[in-house]
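Shown here is one chain on its own, the form predicted alone, set out as structure tokens.
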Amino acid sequence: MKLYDYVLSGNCYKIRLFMAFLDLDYEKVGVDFYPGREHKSDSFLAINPLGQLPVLEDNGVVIRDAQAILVYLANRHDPSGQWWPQADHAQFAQVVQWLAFADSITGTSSAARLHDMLGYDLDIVAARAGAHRLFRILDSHLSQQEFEGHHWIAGPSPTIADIACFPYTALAGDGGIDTFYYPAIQRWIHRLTRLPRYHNMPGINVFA
């Protein structure tokens, strides 16, 4: 397998993290997202016409969306079914629902991070407000999960819903978004960083 990767991308990181959890071997191909904008080059657009990262190549199969890559990897490399629980229809629907929610986090928290770190010209007030709205929803959901004896977004064990939502929630501070006021999110981040084979990325503060 080959992963087209940028080390500071939260979407790329979620793929690297999930591959670590699955203990998979793969080749990383660095793409100079900034300042080189290599993801917009003709050579990269031939791989992904959308000009976005990450992209996974596996035996001739090319997948170009972070959430789609998580689904592909879970289907192909997790025989336990834990990460993509298709046997439980209700839990399966919950995972799909939260994968879509993760896209909304990318559109807000990640956008604020691009503004603050890389100088992207966007409505930073709207991005931060949108992220806080989503984090209030996520924090309330995680609190209810804890009340019911579950410590993960979609059930009693971690799924790719947790992997999808994690990076740009944990990296929110890079975009001027303080998650201090979301205690259930803080506890969830702490639990996820304590999973076996977890590895960190720059910008995520892991506390003992």
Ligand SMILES: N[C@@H](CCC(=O)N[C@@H](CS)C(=O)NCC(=O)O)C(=O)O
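Throughout, we count residues from 1 along the sequence that is shown. For clarity, every value in this text was computed on a predicted model and none was experimentally measured.
FYI, the form predicted together with the ligand isn't displayed, but the following is about it.
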Looking at Asp103, Asp78, Asp116, Asp88, which is the one with a non-hydrogen atom within 4.5 Å of the ligand in the predicted complex? Asp103
Of Ser140, Ser157, Gln52, Ser41, which one comes within 4.5 Å of the ligand in the predicted complex, counting heavy atoms only? Gln52
In the predicted complex, does Ala66 have a heavy atom within 4.5 Å of the ligand? yes
According to a 4.5 angstroms non-hydrogen atom cut-off, is Phe33 in contact with the ligand in the predicted complex? yes
Which of these stretches, 173-181, 22-30, 52-60, 145-153, has heavy atoms within 4.5 Å of the ligand in the predicted complex? 52-60
